[in-house]
Ligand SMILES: Cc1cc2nc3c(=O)[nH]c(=O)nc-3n(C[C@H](O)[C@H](O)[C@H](O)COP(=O)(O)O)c2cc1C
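Given as structure tokens, the chain that follows is alone and in the form predicted on its own.
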Amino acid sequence: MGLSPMDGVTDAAFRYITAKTSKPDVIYTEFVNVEGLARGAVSMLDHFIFNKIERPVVAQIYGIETESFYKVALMCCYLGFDGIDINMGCPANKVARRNSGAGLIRVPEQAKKIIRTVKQATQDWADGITLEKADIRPKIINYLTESATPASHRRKLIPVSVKTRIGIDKVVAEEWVQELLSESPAVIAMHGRTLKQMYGGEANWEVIGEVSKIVKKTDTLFLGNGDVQSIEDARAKCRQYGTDGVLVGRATCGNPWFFGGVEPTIKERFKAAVDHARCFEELSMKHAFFAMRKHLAWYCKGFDGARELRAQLMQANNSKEVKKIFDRFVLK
């Protein structure tokens, strides 16, 4: 039962609060662009900040250039991630139109080349290649050496996985998964919508079930993704559709208790929201606080006065203001 990567959502603070509250079996970072990092965009490495309580934690990366994938995979190994996931599922037009993200479904040969490249990088890391020999930018190397702990860059071979969708504008999941399986990724996670569907309609778990039968014949693990509503629903989908597990995305927003199956009280929600805001200030304040506001809104649903409370929280600029708003609401 894993925490699915979500762009603009699964930042360091969100992942930490979720792991602290109800530990998923595996956690993915939000995706990071390989071309930007390979060209020296040091600030993008902030997306790879993680706490040891998140382990096993997987770095998700996306792009199209194999050379850039190679370099960034080495960075992920150096930082001590437990796995590297290649995003082949993002439906955003700015990503997919470059044949990146879900756009890679259009170009299976390039997709397979990327898998091979990332696997080669993890093997080269385990065999002792240096960041300098891989021609990684000096300012990236400086950041890595200053931020990583001695224990984090151990020379070990880590697994490479893929997260994808069932097709572009029509379902081609069974043919597509055969292409991916030819490169033997450790895990394939499949979202039950096409690129064209984005996040609309319903996830097609019947297709996921058919794909699961194919993957079961290999050594690759298979995870389903899409419209999982509760931990009980997740387990039921595993049983019904034969997956090895599920990744859960939107149902965890404002609900770090998800993986424990606990229904929090309103006061517990408020306390978690304040803790989350404080954590955001500590880990993510290179980003403006307004990026935290959507999370605050997600904590405030399903009770009288929630709309008014959300409106007030959308004006908050720091965790102290957040706490004052919640305290006033409780004292009403």
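None of the values given here were measured: they were computed from a predicted structure. In case it trips you up, residue 1 is the first one in the sequence shown, and so on.
This next part talks about the form predicted in complex with the named molecule, which is not shown.
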(message) Which is the contacting stretch out of 74-82, 115-123, 131-139, 247-255, given heavy atoms within 4.5 Å of the named molecule in the predicted bound form?
(response) 247-255
(message) Is Y143 near the named molecule? Define near as a heavy atom within 4.5 Å, in the predicted bound form.
(response) no
(message) Since only the chain is shown here, I'm wondering whether F69 would be in contact with the named molecule in the predicted bound form (any heavy atom pair within 4.5 Å).
(response) no
(request) Report whether the minimum heavy atom distance between M6 and the named molecule in the predicted bound form is within 4.5 Å. (result) yes
(request) Would you please decide whether E30 lies within 4.5 angstroms of the named molecule in the predicted bound form, comparing each non-hydrogen atom pair? (result) yes
(message) Contact check in the predicted bound form: N87, H191 and Y199 versus the named molecule, with a cutoff of 4.5 Å between any heavy atoms. Do all three pass?
(response) yes
